[in-house]
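Here we start with a single chain on its own, the form predicted alone, put down as C-alpha cells.
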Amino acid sequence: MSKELNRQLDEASLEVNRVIDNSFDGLLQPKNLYDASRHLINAGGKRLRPFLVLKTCELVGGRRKEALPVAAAIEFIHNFTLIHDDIMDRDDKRRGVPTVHVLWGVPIALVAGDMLFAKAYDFIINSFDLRNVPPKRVLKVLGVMSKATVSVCEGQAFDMMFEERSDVSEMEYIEMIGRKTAALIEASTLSGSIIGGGNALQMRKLGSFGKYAGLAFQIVDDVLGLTANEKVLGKPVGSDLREGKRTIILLHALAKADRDQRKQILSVIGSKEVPEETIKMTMKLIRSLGSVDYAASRADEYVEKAKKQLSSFSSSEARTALLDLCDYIVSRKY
C-alpha cells in the first residue's frame, strides 16, 4: 500500500470512527448489548467500505462531510453481517480478537447484529441536514442499502447451501460472492455517488466499479484464507476447508485433481476433526495444482475491470485514491 493511500485510509477511519462513537454516546442500556454491538467495530478493521463512500462522493463533486452518515451506516451493516457470519461459521476469532458470540453467547450476538442493522437506517434518517442534502438522495441511498442487504442474505444462504454440493460451478460461485460480498461494496460506491450528486452515467460506472472491486476483494480473501500468516490475518488459516466452503480455489483444485488427489481433498472438506497436519498437507496439494495462482489471476482480472470504470472520470485525488485502492485489494496480506 502506498504511503498516501495509507494516510487517506487512516484519515477516513478517524472521521468515521468519530461519527460512530458519537452515535453510541450516553449510558446506553443494556450495557452488554451495546458492548457486544461495538466489539468488532472497536477491534479495528480497514474501513474500506466507508472510505469508498467518501471517495466516490468526492469524485462526483460532492462534499465529504455530507457522506459521513452513509459511511458510518455502511460500517454498521458490514459489522452486522460479520457477527452473524461468525455465528454461522462457528468462528472463534475475528480481527485478532474473540468473536462476539464467544464472548457474549449466541443470543446476545444475534441481537447485537440485529441492532446494528436497524441502527444503520435509524442513523441515516436522523443524521442528514436536509437543507444541504435533498431528501430524494437520502431515500435513494436507503433503497440501495436495503437492496444490498437482501443480496447479502441471499449470498450467505447460497454459500451455506453450496457446502452440501459437490457440483458447484465457478459461475455459481461468482454469483454467490457477487451477492454476499460485492453487493455491499457496490452499495458503498453507489451511495457515495448518489449523495455527491452524481449523474446517471457516473452512478452506473461507480456502481460497476464497486461490484468488480468487491468480487476481487472476496477472491483475495479466499486466497488469504489458505496462504496468509494466521497472526496477521486475525483468524485461523485453512478454516474454509474445515467449513466446507466452495471457494474458487477449491473448485479449481477439484477440477484439476486426479482421482487420488480429489479423494484427499474431499476427505478434508467440511470436517472439523481433521488433524492440523492433514489440513496443511491438503493446502500444499491445492497450491501444487495451481489453484491459488488461478484465483489470484481472476482477482487481477476483476480489478482491471474495476479500474476501467474510472477511465471516464477526470484526474483527481479521489480518482487516484480509488485506483490505488484497487492495487491494494490484490496485494494485501490481511
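A residue's number is simply how far along the shown sequence it sits, counting from 1. Predicted model only: the values in this text are computed from it and were never measured.
This next part talks about the form predicted in complex with another copy of the chain, which is not shown.
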Choose one stretch from 193-201, 251-259, 104-112, 212-220: the one whose residues place a heavy atom within 4.5 angstroms of another copy of the chain in the predicted complex.
104-112
R94 near another copy of the chain in the predicted complex, any heavy atom under 4.5 Å?
no
Answer yes if any heavy atom of T99 is within 4.5 Å of a heavy atom of another copy of the chain in the predicted complex; otherwise answer no.
no
Residue contact check: P30 to another copy of the chain in the predicted complex, 4.5 Å heavy atom
yes
Given that the partner is absent here, does I125 sit within 4.5 Å of another copy of the chain in the predicted complex, heavy atoms only?
yes
One residue of N132, S166, S169, S146 in contact with another copy of the chain, assessed in the predicted complex (non-hydrogen atom, 4.5 angstroms):
S146
The single option of Q156, T227, S208, Q264 touching another copy of the chain in the predicted complex, heavy atom within 4.5 Å
Q156
Under the 4.5 Å heavy atom criterion, name the residues of 68-97 that approach another copy of the chain in the predicted complex, in sequence order.
F80, H84, I87, M88
